[in-house]
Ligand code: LLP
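Next up: a single chain in structure tokens, the form predicted alone.
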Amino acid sequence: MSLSPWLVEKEGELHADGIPLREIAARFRTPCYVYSAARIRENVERFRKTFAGLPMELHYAVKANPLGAILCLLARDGLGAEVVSGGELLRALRAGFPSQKIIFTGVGKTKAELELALREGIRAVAVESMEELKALEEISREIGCCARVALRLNPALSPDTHPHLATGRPGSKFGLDPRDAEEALAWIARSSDLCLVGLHLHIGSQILDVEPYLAAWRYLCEILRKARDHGLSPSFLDLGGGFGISYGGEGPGFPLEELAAGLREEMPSGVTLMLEPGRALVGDAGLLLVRVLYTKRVHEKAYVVVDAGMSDLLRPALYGAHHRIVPVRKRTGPPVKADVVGPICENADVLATDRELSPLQSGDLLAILDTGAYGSSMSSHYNSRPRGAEVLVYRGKAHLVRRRETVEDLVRGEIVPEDLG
């Protein structure tokens, strides 16, 4: 099994950017997310090199991992941010992303969120319905500014990915269909409070095929022509993100080079290409470090019970997602086929099914790989379990970037009325 370049086995023990994972577990305890700053930067550089020569901007999809240290790292490397809530917008600003490099997408923005976006002067609000467009116009009129708008389009494409992850297909709640897109263009052309600055779409997530993106790009170019027919001049075309990674560790992941080549052949003049990678930047730069609690057999089936579950890593239960699991130190002996399960009181709390693992004992450490995206960000307090620590390996040191929660953190916002009887 191949490992990400930032993970190396030395003297039979797994190291993260030169630091033994055993030492990280001893210092910060488990479960614990570990991230590589160097790997994140390598992934950013791959995008920049691949699309060199094109007018291109990278906007990090904050939802993939909104950890402050990662946001600061990417902001200082000159990226923009794509946010989907007021909370993510404030996180991005706090981390140092310039407001002019922030795109606010999302299907259900509140009036307060729209007002916040306008007052902060962000690059664009990507509206997803006529009602949202009209609400934004009203707020901009109240504030006394011209709202910079992008239209999020639904191109009716169904890429090969999990149905929950296909956001540009027919039947998806996201974006404007062709009829509403035409109405929105006409509305903006008549408005003195709205300015169309971009066209946006997002066809899905964890996609490994380039053709749906090229079809989506052609659709964007078609709507661009219609916008110009209305006298509008959007300055960017946003192809979204969703570029898949190789969770199995064997394949190359999404063919970025093919996409860049295709876009070079069909790049309209006068516009900038925007991309919104999230998983592609941080997915393979993170792991979840866990400890074996028990091994057991139930009706002849082997189980390895670890101290993290679906409250820490939801993707396997939600999507049936595959994550490689490797021992931090291998034991000798024949491999054992087992399910790796967590402590949550749900039958769905299975992190891996029928995996061949080296013999394991209570206290052994395991690394669940490729969890840098949608791992910590989708975690919860289910079963009243505090979230674990998060650590960033940077320049040869392991930095605590989110402390381990306590039981007091779980109940901090609760209020018990005095007159319950």
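Fair warning: this is a prediction, and the values are worked out from it, not measured in the lab. When you see a residue number, it is the position in the sequence shown, counting from 1.
What comes next is about the form predicted in complex with the named molecule, which is not displayed.
Chemist: Although the partner isn't part of this model, could you tell me whether Y374 comes within 4.5 Å of the named molecule in the predicted complex, counting any heavy atom of the residue?
Modeler: Heavy-atom contact with the named molecule at 4.5 Å: present for Y374.
Chemist: Is R315 a contact residue for the named molecule in the predicted complex, using a 4.5 Å heavy atom cut-off?
Modeler: Answer yes; at least one heavy atom of R315 falls within 4.5 Å of the named molecule in the predicted complex.
Chemist: Is R123 close enough to the named molecule in the predicted complex to count, meaning some heavy atom within 4.5 Å?
Modeler: Although the named molecule is absent here, R123 would stay clear of it in the predicted complex, with no heavy atoms inside 4.5 Å.
Chemist: Looking at the partner-bound form in the predicted complex, is E276 within 4.5 Å of the named molecule by any heavy atom?
Modeler: Because a heavy atom of E276 falls inside 4.5 Å of the named molecule in the predicted complex, the answer is yes.
Chemist: Each of A61, Q206 and F243 having a non-hydrogen atom within 4.5 Å of the named molecule in the predicted complex: is that the case here?
Modeler: Checked in the predicted complex: all three residues contact the named molecule.
Chemist: Within 4.5 angstroms, counting heavy atoms, which one of the listed stretches 71-79, 255-263, 195-203, 139-147 is next to the named molecule in the predicted complex?
Modeler: Answer to the contact question: 195-203.
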